[in-house]
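Before any questions on binding or motion, here is one chain by itself as structure tokens, the form predicted on its own.
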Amino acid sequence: MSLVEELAGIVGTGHVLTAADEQQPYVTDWLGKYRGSALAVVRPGSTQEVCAVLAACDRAGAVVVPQGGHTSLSGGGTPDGSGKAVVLSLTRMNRIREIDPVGNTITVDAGCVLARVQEAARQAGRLFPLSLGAEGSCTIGGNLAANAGGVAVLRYGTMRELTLGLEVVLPDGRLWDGLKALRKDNSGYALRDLFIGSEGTLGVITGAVLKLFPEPRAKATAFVAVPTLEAALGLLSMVRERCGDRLTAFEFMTDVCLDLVMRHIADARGPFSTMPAAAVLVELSDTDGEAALGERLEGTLVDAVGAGLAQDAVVAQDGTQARAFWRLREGISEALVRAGKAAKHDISVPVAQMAAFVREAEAAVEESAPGARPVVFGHLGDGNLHYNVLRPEAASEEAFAAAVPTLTRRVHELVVRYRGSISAEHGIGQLRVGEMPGCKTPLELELMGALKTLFDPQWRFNPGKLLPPGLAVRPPLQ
């Protein structure tokens, strides 16, 4: 019996896809940047089926590529072109298993789409706070594999902070049941945290216990003009001091970002009569009344203007205006696509050093690609910047493409010097895997390689992602 026949016997013939046209959505990433091929795309419907599928693949020595909503921005869920991989799609595993409004937890299948989990929490009068652009298609398993962040990290943390327990199938088909709703468990190594952020290289997450929170009854949103990034950081400190944990989002964008949005997004409207040098989108949320929250934000912004940290501010008067403010922030990525080719960097640096980093990065960009235009925006409160660079207007696409490797190397070398990360929330995948030796110490890579070999001795799980292949031959720790 062939492996494909054995897999069909486990999940059903209709859930083993071998025809090229059926496989196409699973072997091409959603940006069209990475294309591969597969021996088969397998769509199990339960954890037990995942165990059986992986045991069969283990016996056959087959390469396995776990896949969730397939929304990775780094090619993390796309197979290579060898045609030997089994793509394991978990989208059929989409049950909400349990909601506990007393313990404030929700237990879900890994294939649940994020928006469905948000809605299930909302129906129970609770909040699951992870929020990002792909929430209508990305899955919880993928969010966990990439340790997703989103716009509310400042208050609620990344997926690592939002997760209590996991259910994971190991590469040989064994099941680790760590599906516990405990907030305190000091009984050994935190195995859960190894799988979160592992990008499908250590095993397949099939279920998770996630934290819920009281649903905010009030929000206050403001769009604030600031003179400099340094002023924005000062404003961040003031809002944190005055508003505490009510601060949910603090999004930064430069005038270049706003100009792109105004030119390329039809429904975008700026709240100021003139273009500011930079702007911040501030949002508070609370279980108190909306009037009190709005007064708190307005009072803070009045003092910020008086201190020179802000030049102007508009507080949203209703949900429609708040959504218009968010449209300005969320439209930046769309505007970038319409503006042309850009070199993209998803980086994080210590918040206090962000302004210094941006100054040095601008100089590095100008040296590497004179006339290139940095488009700087992101989650200022947690140190995550999307540092994109648009092609110089006078340069051809070919000339800019030739300059991008040097430009990216310079930016990432600077990130490392500032003790930051070259991937804040998009993952390493196959996009940045070749850069890992430049941003991790030899000991870090040795330890990561040893863990990979422990869980996946033959390095069959999601090869070519996250870990450089050469680590497989590193000697064990002495």
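Note that the coordinates shown come from a computational prediction; the quantities given were computed from them, not determined experimentally. The numbering used is simple: start at 1 and walk along the sequence shown.
Only in words, not in the display: the form predicted in complex with a further copy of the same chain, which the text now covers.
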Consider Ala208 of the chain shown here, and say whether it contacts a further copy of the same chain in the predicted complex, taking contact as heavy atoms within 4.5 Å. no
Going by a heavy atom distance of 4.5 Å, is Ala266 a contact of a further copy of the same chain in the predicted complex? no
Since only the chain is shown here, I'm wondering whether Glu425 would be in contact with a further copy of the same chain in the predicted complex (any heavy atom pair within 4.5 Å). yes
Consider Leu175 of the chain shown here, and say whether it contacts a further copy of the same chain in the predicted complex, taking contact as heavy atoms within 4.5 Å. yes
Given that a further copy of the same chain is left out here, which of Arg373, Lys344, His379, Lys219 has a heavy atom within 4.5 Å of it in the predicted complex? His379
Though a further copy of the same chain is not shown, can you say which of Asp193, Glu119, Asp259, Glu334 has a heavy atom within 4.5 Å of it in the predicted complex? Asp193
Report the stretch among 185-193, 364-372, 108-116, 77-85 that approaches a further copy of the same chain in the predicted complex to within 4.5 Å, counting heavy atoms only. 185-193
Considering only 194-220, what residues come within 4.5 Å of a further copy of the same chain in the predicted complex, judged by heavy atoms? Leu194, Gly197, Ser198, Glu199, Thr201, Leu202, Lys211, Pro214, Arg217
